[in-house]
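Before any questions on binding or motion, here is one chain by itself as structure tokens, the form predicted alone.
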């Protein structure tokens, strides 16, 4: 102990610095021990992972073969699917792993998925899904029928063009339905070509460009029912666009 005390006193640092130095030495020593005994020897050879994991994964049995293998035999289905909205959905998402089928097609058939629960994984309504993604309420949308009765999975266009905007704009439709704008048709504010319902990106709906559009109902001089809130368009909002303060699909005053 006397030797340790002499070394301690001989160090040219304040006591608090010496204590921090001891903690630092213990930390570095512990880190080196852990790295030597616990870190796999191949870690870092190819990046921040265990390089031997590549060999471990390669040794696993193959279950999925990829869409490129499927279309070599199913040429017609592949051509239809490649030109459809499902072009980026792998065949095996719906039909299951195809490795055994590829080895012996007659003994390992892949049956088409008929359960609605498969389609609703993607197409049941969820508020987090992007605007424009086709969504349904499974309990009200043809609940007794399998989806493939009306929709060809390889080219899933609806048999008839949807008449309601909520078919693709589910979150907006639900928000608007509980607002003071619930009775307004979407096309009252958005000038929309029929092509938009078939090819949305080819015909983008229009939007009001100025305050005068909202003033058509909400200005003091507007010829609209008295129940509608009125404002002085010259002074209200200091010239800001109406939708900078009011969300049009839920326009309650902030």
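Positions refer to the first chain, counted from 1. All values reported here derive from a predicted model rather than from experimental measurement.
Missing here is the form predicted together with a small molecule; even so, the following discussion is about that form.
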Contact flag, residue 27 vs the small molecule in the predicted complex, heavy atom cut 4.5 Å: no
Using the partner position in the predicted complex, report whether residue 18 sits within 4.5 Å of the small molecule, counting heavy atoms only. no
In the predicted complex, residue 223 touching the small molecule (heavy atom, 4.5 Å): no
Closest heavy atom of residue 126 to the small molecule in the predicted complex, within 4.5 Å or not? no
